[in-house]
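Consider the single chain below, provided in C-alpha coordinates and representing the form predicted alone.
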Amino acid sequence: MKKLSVGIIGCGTIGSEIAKACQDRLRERIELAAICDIDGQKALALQSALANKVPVMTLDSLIEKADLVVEAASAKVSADVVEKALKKRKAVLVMSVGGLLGKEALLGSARKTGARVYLPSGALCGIDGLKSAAIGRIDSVTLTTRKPPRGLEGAPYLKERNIDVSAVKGETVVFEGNALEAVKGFPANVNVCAVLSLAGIGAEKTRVRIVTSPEYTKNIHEVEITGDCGKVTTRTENVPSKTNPKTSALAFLSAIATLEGVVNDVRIGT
(Lines give C-alpha, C1' and ligand atoms only; values in the text may rest on other atoms or scores of the structure.)
Protein backbone atom coordinates (compact mmCIF):
# COMPACT_ATOMS: atom_id res chain seq x y z
CA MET A 1 0.00 0.00 0.00
CA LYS A 2 1.35 3.42 -0.99
CA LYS A 3 2.06 5.62 2.00
CA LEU A 4 0.52 9.07 2.31
CA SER A 5 3.18 11.71 1.74
CA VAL A 6 3.01 14.46 4.40
CA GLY A 7 4.78 17.83 4.49
CA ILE A 8 4.83 20.00 7.63
CA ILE A 9 4.94 23.80 7.61
CA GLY A 10 6.05 25.11 11.00
CA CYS A 11 8.72 23.41 13.11
CA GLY A 12 7.75 24.63 16.57
CA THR A 13 6.22 22.52 19.33
CA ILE A 14 3.19 21.29 17.38
CA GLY A 15 4.96 20.73 14.06
CA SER A 16 7.81 18.87 15.76
CA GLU A 17 5.47 16.51 17.62
CA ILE A 18 3.50 15.76 14.46
CA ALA A 19 6.72 15.12 12.54
CA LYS A 20 7.95 12.66 15.17
CA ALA A 21 4.59 10.86 15.15
CA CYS A 22 4.76 10.51 11.35
CA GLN A 23 8.02 8.60 11.76
CA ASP A 24 6.86 6.58 14.74
CA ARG A 25 3.18 5.88 15.46
CA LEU A 26 2.04 6.57 11.88
CA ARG A 27 5.06 5.19 10.02
CA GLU A 28 3.19 2.22 8.49
CA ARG A 29 0.78 4.50 6.60
CA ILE A 30 2.53 7.88 6.38
CA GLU A 31 5.84 9.08 4.95
CA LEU A 32 7.17 12.42 6.20
CA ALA A 33 8.31 14.00 2.94
CA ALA A 34 9.52 17.47 3.94
CA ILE A 35 9.50 20.19 6.59
CA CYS A 36 9.49 23.98 6.34
CA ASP A 37 9.79 26.98 8.64
CA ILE A 38 10.34 30.70 8.10
CA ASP A 39 13.02 30.34 10.79
CA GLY A 40 15.67 28.20 9.11
CA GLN A 41 17.30 27.32 12.43
CA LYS A 42 14.07 25.80 13.73
CA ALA A 43 13.76 23.67 10.61
CA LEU A 44 17.35 22.47 10.89
CA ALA A 45 16.91 21.71 14.59
CA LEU A 46 13.88 19.53 13.86
CA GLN A 47 15.66 17.89 10.94
CA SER A 48 18.52 16.84 13.21
CA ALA A 49 16.11 15.61 15.91
CA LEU A 50 14.25 13.25 13.58
CA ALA A 51 15.18 9.58 13.42
CA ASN A 52 15.06 9.63 9.61
CA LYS A 53 16.29 12.85 8.06
CA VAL A 54 13.90 14.67 5.71
CA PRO A 55 14.60 17.63 3.44
CA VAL A 56 13.98 21.22 4.49
CA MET A 57 12.07 22.92 1.67
CA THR A 58 10.44 26.19 0.76
CA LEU A 59 6.70 26.42 1.27
CA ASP A 60 5.91 26.13 -2.43
CA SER A 61 8.27 23.19 -2.97
CA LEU A 62 6.83 21.36 0.03
CA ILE A 63 3.26 21.78 -1.24
CA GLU A 64 4.35 20.47 -4.63
CA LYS A 65 5.92 17.37 -3.08
CA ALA A 66 3.38 16.35 -0.41
CA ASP A 67 -0.01 14.68 -0.77
CA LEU A 68 -1.17 16.27 2.49
CA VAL A 69 0.15 19.57 3.85
CA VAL A 70 0.13 20.21 7.61
CA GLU A 71 0.03 23.88 8.62
CA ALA A 72 1.52 24.29 12.10
CA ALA A 73 2.99 27.77 11.67
CA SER A 74 0.70 30.65 12.67
CA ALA A 75 -2.64 32.30 11.98
CA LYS A 76 -0.80 34.88 9.87
CA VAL A 77 -0.04 32.31 7.17
CA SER A 78 -2.64 29.57 7.58
CA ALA A 79 -5.10 31.01 5.02
CA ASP A 80 -2.28 31.47 2.50
CA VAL A 81 -1.16 27.87 3.02
CA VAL A 82 -4.70 26.59 2.51
CA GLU A 83 -5.15 28.63 -0.66
CA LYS A 84 -1.87 27.42 -2.16
CA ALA A 85 -2.53 23.79 -1.22
CA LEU A 86 -6.01 23.80 -2.70
CA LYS A 87 -4.79 25.34 -5.95
CA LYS A 88 -2.46 22.35 -6.25
CA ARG A 89 -5.35 20.03 -5.30
CA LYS A 90 -3.51 18.92 -2.17
CA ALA A 91 -5.19 17.98 1.09
CA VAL A 92 -4.36 20.29 4.00
CA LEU A 93 -4.59 19.98 7.80
CA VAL A 94 -4.82 23.33 9.58
CA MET A 95 -3.72 23.91 13.17
CA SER A 96 -3.92 27.74 13.18
CA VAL A 97 -7.65 27.73 12.48
CA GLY A 98 -8.05 31.31 13.69
CA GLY A 99 -6.48 32.51 10.45
CA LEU A 100 -9.46 31.15 8.52
CA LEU A 101 -12.09 33.26 10.27
CA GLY A 102 -13.38 35.84 7.83
CA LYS A 103 -11.98 33.72 5.00
CA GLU A 104 -14.46 30.85 5.17
CA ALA A 105 -14.85 31.01 1.38
CA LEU A 106 -11.55 29.13 1.19
CA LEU A 107 -13.26 26.12 2.72
CA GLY A 108 -15.92 26.31 0.02
CA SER A 109 -13.23 26.22 -2.66
CA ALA A 110 -12.15 22.82 -1.36
CA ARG A 111 -15.38 21.39 -2.76
CA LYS A 112 -14.51 22.74 -6.20
CA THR A 113 -10.99 21.32 -6.25
CA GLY A 114 -11.88 17.99 -4.67
CA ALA A 115 -9.11 18.43 -2.09
CA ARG A 116 -9.86 17.88 1.58
CA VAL A 117 -9.37 20.30 4.47
CA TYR A 118 -8.94 18.90 7.98
CA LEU A 119 -9.47 21.03 11.09
CA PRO A 120 -8.54 19.06 14.25
CA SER A 121 -10.53 19.62 17.44
CA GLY A 122 -7.41 20.96 19.12
CA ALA A 123 -7.18 21.39 22.86
CA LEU A 124 -10.86 21.00 23.74
CA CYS A 125 -13.54 18.34 23.77
CA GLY A 126 -17.10 18.70 22.55
CA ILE A 127 -16.72 19.34 18.81
CA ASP A 128 -18.48 16.04 18.09
CA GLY A 129 -21.51 17.15 20.13
CA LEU A 130 -21.49 20.60 18.54
CA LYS A 131 -21.46 19.13 15.02
CA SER A 132 -24.39 16.93 15.93
CA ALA A 133 -26.27 19.79 17.58
CA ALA A 134 -25.75 21.93 14.46
CA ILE A 135 -27.98 19.57 12.48
CA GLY A 136 -30.79 21.16 14.48
CA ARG A 137 -31.11 24.64 15.98
CA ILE A 138 -28.36 26.02 18.20
CA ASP A 139 -29.26 28.93 20.47
CA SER A 140 -25.86 29.66 21.98
CA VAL A 141 -22.24 28.52 22.13
CA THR A 142 -20.02 29.88 24.90
CA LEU A 143 -16.35 29.17 25.52
CA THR A 144 -14.64 30.05 28.78
CA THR A 145 -10.86 29.68 28.60
CA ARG A 146 -8.73 29.74 31.76
CA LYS A 147 -4.95 30.04 31.38
CA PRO A 148 -1.97 30.86 33.59
CA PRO A 149 -0.56 34.35 32.94
CA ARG A 150 2.45 32.91 31.06
CA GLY A 151 0.07 31.32 28.56
CA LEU A 152 -1.33 34.74 27.58
CA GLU A 153 1.82 36.88 27.55
CA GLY A 154 2.41 38.81 24.34
CA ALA A 155 -1.22 38.76 23.15
CA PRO A 156 -2.03 41.86 21.02
CA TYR A 157 -5.23 42.55 23.00
CA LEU A 158 -3.24 42.80 26.24
CA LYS A 159 -0.50 44.95 24.70
CA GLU A 160 -2.98 47.41 23.21
CA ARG A 161 -4.63 47.90 26.61
CA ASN A 162 -1.44 47.81 28.67
CA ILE A 163 -2.68 44.82 30.65
CA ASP A 164 0.18 43.19 32.54
CA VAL A 165 -1.02 39.66 33.28
CA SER A 166 2.12 38.95 35.33
CA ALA A 167 0.80 41.47 37.87
CA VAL A 168 -2.59 39.74 38.26
CA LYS A 169 -3.13 38.65 41.88
CA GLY A 170 -6.31 36.58 41.67
CA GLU A 171 -8.79 35.16 39.16
CA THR A 172 -9.35 37.91 36.57
CA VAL A 173 -11.43 38.11 33.40
CA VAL A 174 -9.17 39.75 30.78
CA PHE A 175 -11.49 39.41 27.78
CA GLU A 176 -15.17 39.03 26.94
CA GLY A 177 -16.49 39.20 23.39
CA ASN A 178 -17.15 37.08 20.32
CA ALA A 179 -14.83 34.54 18.73
CA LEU A 180 -13.79 36.85 15.90
CA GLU A 181 -12.60 39.45 18.40
CA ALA A 182 -10.92 36.79 20.52
CA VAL A 183 -8.89 35.39 17.63
CA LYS A 184 -7.72 38.87 16.62
CA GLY A 185 -6.73 39.75 20.18
CA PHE A 186 -5.24 36.38 21.14
CA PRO A 187 -4.07 34.73 17.89
CA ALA A 188 -1.68 32.32 19.61
CA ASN A 189 -3.96 31.43 22.51
CA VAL A 190 -7.52 30.61 21.51
CA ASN A 191 -7.54 28.73 18.21
CA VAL A 192 -10.11 26.49 19.86
CA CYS A 193 -12.77 29.19 19.56
CA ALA A 194 -12.20 29.30 15.79
CA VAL A 195 -12.89 25.58 15.55
CA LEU A 196 -16.02 26.04 17.67
CA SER A 197 -17.18 28.85 15.37
CA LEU A 198 -16.74 26.91 12.15
CA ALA A 199 -18.43 23.81 13.57
CA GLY A 200 -21.32 25.75 15.10
CA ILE A 201 -23.00 29.14 14.68
CA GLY A 202 -20.17 31.30 13.37
CA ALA A 203 -17.53 33.56 14.89
CA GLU A 204 -19.78 36.57 15.53
CA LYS A 205 -22.31 34.55 17.53
CA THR A 206 -19.88 32.36 19.47
CA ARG A 207 -19.17 33.98 22.85
CA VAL A 208 -15.72 33.84 24.49
CA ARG A 209 -14.43 34.65 27.98
CA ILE A 210 -10.72 34.50 28.82
CA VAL A 211 -9.77 34.27 32.48
CA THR A 212 -6.33 34.15 34.11
CA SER A 213 -4.93 33.62 37.59
CA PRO A 214 -1.45 32.95 39.00
CA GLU A 215 -3.02 29.94 40.71
CA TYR A 216 -3.83 28.24 37.41
CA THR A 217 -1.48 25.45 36.38
CA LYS A 218 -3.46 24.14 33.40
CA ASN A 219 -5.08 25.47 30.24
CA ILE A 220 -8.81 24.90 30.82
CA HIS A 221 -11.55 25.16 28.20
CA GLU A 222 -15.22 25.03 29.21
CA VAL A 223 -17.84 24.87 26.46
CA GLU A 224 -21.59 25.31 26.86
CA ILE A 225 -23.98 24.63 23.97
CA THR A 226 -27.76 25.13 24.10
CA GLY A 227 -30.37 24.42 21.45
CA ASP A 228 -32.79 21.79 20.17
CA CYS A 229 -30.47 19.11 21.52
CA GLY A 230 -30.83 20.43 25.07
CA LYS A 231 -27.70 21.55 26.89
CA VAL A 232 -24.17 20.24 26.38
CA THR A 233 -21.30 21.22 28.67
CA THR A 234 -17.69 20.08 28.49
CA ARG A 235 -14.58 20.91 30.53
CA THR A 236 -11.10 20.09 29.29
CA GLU A 237 -8.16 20.54 31.66
CA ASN A 238 -5.05 20.59 29.51
CA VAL A 239 -1.45 20.15 30.58
CA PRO A 240 0.58 22.91 28.88
CA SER A 241 3.38 21.78 26.58
CA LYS A 242 6.76 21.67 28.33
CA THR A 243 8.36 23.67 25.50
CA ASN A 244 5.56 26.21 24.94
CA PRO A 245 3.11 27.17 27.73
CA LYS A 246 0.73 28.69 25.16
CA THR A 247 0.21 25.26 23.63
CA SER A 248 -1.67 22.39 25.25
CA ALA A 249 -0.41 18.85 24.70
CA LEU A 250 -3.89 17.82 23.53
CA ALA A 251 -3.56 20.22 20.58
CA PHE A 252 -0.84 18.26 18.83
CA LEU A 253 -2.30 14.95 19.99
CA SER A 254 -5.56 15.87 18.22
CA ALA A 255 -3.61 16.58 15.02
CA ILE A 256 -1.93 13.17 15.23
CA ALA A 257 -5.31 11.53 15.84
CA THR A 258 -6.72 13.37 12.81
CA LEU A 259 -3.89 12.10 10.60
CA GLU A 260 -4.50 8.62 11.95
CA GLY A 261 -8.16 8.95 10.98
CA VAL A 262 -7.20 10.04 7.46
CA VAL A 263 -5.21 6.86 6.77
CA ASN A 264 -7.24 4.35 8.81
CA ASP A 265 -10.15 2.38 7.41
CA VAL A 266 -12.31 2.58 10.55
CA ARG A 267 -13.38 5.93 11.97
CA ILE A 268 -14.98 6.27 15.39
CA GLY A 269 -17.11 9.19 16.51
CA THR A 270 -18.89 12.01 14.70
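If you're wondering where the values come from, they're calculated on a predicted model, not measured in any experiment. When you see a residue number, it is the position in the sequence shown, counting from 1.
One more form of this protein should be noted, the form predicted in complex with a small molecule, which is absent from this view; the next part is about it.
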Picking from 173-181, 106-114, 122-130, 153-161, which part of the chain touches the small molecule in the predicted bound form when contact means heavy atoms within 4.5 Å?
122-130
Heavy atoms within 4.5 Å of the small molecule in the predicted bound form: does residue 36 have any?
yes
Mark residue 143 yes when one of its heavy atoms lies within 4.5 Å of a heavy atom of the small molecule in the predicted bound form, and no otherwise.
no
Counting only non-hydrogen atoms and a 4.5 angstroms cut-off, does residue 149 reach the small molecule in the predicted bound form?
no
Counting only non-hydrogen atoms and a 4.5 angstroms cut-off, does residue 42 reach the small molecule in the predicted bound form?
yes
One residue of 91, 75, 168, 134 in contact with the small molecule, assessed in the predicted bound form (non-hydrogen atom, 4.5 angstroms):
75
